[in-house]
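A single chain, nothing else alongside it, follows as structure tokens in the form predicted alone.
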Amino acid sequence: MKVLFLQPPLGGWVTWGRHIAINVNHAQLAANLREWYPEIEIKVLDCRALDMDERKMIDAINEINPDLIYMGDALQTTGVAAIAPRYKRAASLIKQQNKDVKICVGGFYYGANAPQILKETKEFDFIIYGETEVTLPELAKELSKKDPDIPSVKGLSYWDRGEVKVTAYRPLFKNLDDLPLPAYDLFPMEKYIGFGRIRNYVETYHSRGCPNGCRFCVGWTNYDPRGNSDWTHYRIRSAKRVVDELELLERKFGAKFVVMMDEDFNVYRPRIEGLIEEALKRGLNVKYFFMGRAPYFLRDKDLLKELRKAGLIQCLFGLEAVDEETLKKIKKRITVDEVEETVIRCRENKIGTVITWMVGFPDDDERAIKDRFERLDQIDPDIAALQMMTPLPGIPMTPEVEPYIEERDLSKWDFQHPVVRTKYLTREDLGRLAAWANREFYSKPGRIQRILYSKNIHLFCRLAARSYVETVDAHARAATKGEVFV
């Protein structure tokens, strides 16, 4: 039995430039499969990292001759739902060459919508319903048998004699410390690059879910809706295990900058304290970034100085909106003042800041969006990551946003194209306002000097900011002309 983890040719978010990151879902699943079922052969083909077009991809797959191909990711940052057409096209090309090879997809977007997507996608044989950690290895093991019992594999949607069937619900994996560290040795680590310029770049994922459950968040789509709001069941790798992985990445693979993609890394103060203690004790030099929430950063403001010593050079937290009514509707559970103070405290400790904010909520009009931008501009983060409302099926806001969806082409469901209108604005209006806001933020003279040249901000943060500055026009083409980059 031979399993191939395939990342087909694809691009990325326009604002991140030529950004080529490891597929964290593939790396974790490959490690699980290798440890739990060592008799199964594992192959990896990352066409984006290896700069392979579709023809070269097909030639490589024919040479590998796998029995099962897996595609999917756990992260929205790969391109949100815009990755789905890429996976479907790759599956179609593969099936034209070999109709007998089995193709499975899973993770982000697929996890909440498996049976529906499978009904629309004859090219896929299996879609994992919910978390992938155990389901994919069990599926591979079952397929290696002479008479596989597919219904016994929980958390799966599959074709059976022309009919889509669904197996039993897969309970969540409880203790992430029980998972092996990702199988980095199987991947072309030397090929990964962040924001077009940062070599020795790696992305990691040390938790599952988020305890806050914002209603707009696309993270819900990793999870089977038959569970009990599984997205809000937050599970973490311990601080020690996180630093084990950082140490492995630095000392074996030469990592210089690690972006930890946990949706809320700083939920628990003891985890932050443990990260600081372990990183300093081991003398790590690798720098890292993590995402969190402003209230947690303020709770731990006395730790920021030590966090900077222990390697934290940049962090992200969400603003999304600035008026109390919208913040309440989306269940953001933060205040604008908390976000502003977090920027101040981080800047005092030479930690770069990224703030996400959104346009395209149903009640948005031009004044609301301009007020939102004005407040963001006053808060003055180092990077403003503008996101267009993207109501993936499976998120709590989808039912109320559904009447406003006007763009169904998933290649544009990437946070950077307007796919909905609002009660008061057309999609064209939203695209125009998004392009305007992005240009305004990244053309302010004092800010440009700071984010590109200030020695108070680590070089890696300045290189990421440069990517946003240099792609302002390309972002505008996506927002207003529909140009596709993923």
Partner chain sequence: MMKRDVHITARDLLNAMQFREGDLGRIGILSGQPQRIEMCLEILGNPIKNFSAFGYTLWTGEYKGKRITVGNGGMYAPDAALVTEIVCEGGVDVLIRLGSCGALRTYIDIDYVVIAEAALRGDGVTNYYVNDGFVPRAERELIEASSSIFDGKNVHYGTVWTTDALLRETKEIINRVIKEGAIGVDMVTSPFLTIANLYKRRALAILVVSDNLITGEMGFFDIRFFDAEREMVDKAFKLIEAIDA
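Note that this is a predicted model, so its numbers are computed, not measured. Numbering follows the first chain given and starts at 1.
There is also a form predicted in complex with the partner chain; it is not shown, and the following applies to it.
Novice: In the model of the complex, which of the stretches 447 to 455, 62 to 70, 415 to 423, 31 to 39 has residues with heavy atoms within 4.5 Å of the partner chain?
Specialist: Looking at the partner contacts, the answer comes out as 447 to 455.
Novice: In the model of the complex, does each residue in the set Arg439, Tyr442 and Glu470 place a non-hydrogen atom within 4.5 angstroms of the partner chain?
Specialist: All of them do, each having a heavy atom within 4.5 Å of the partner.
Novice: Check Arg466 for me: does it contact the partner chain in the model of the complex (non-hydrogen atoms, 4.5 angstroms)?
Specialist: It does: once the partner chain is placed as it appears in the model of the complex, Arg466 has a heavy atom within 4.5 Å of it.
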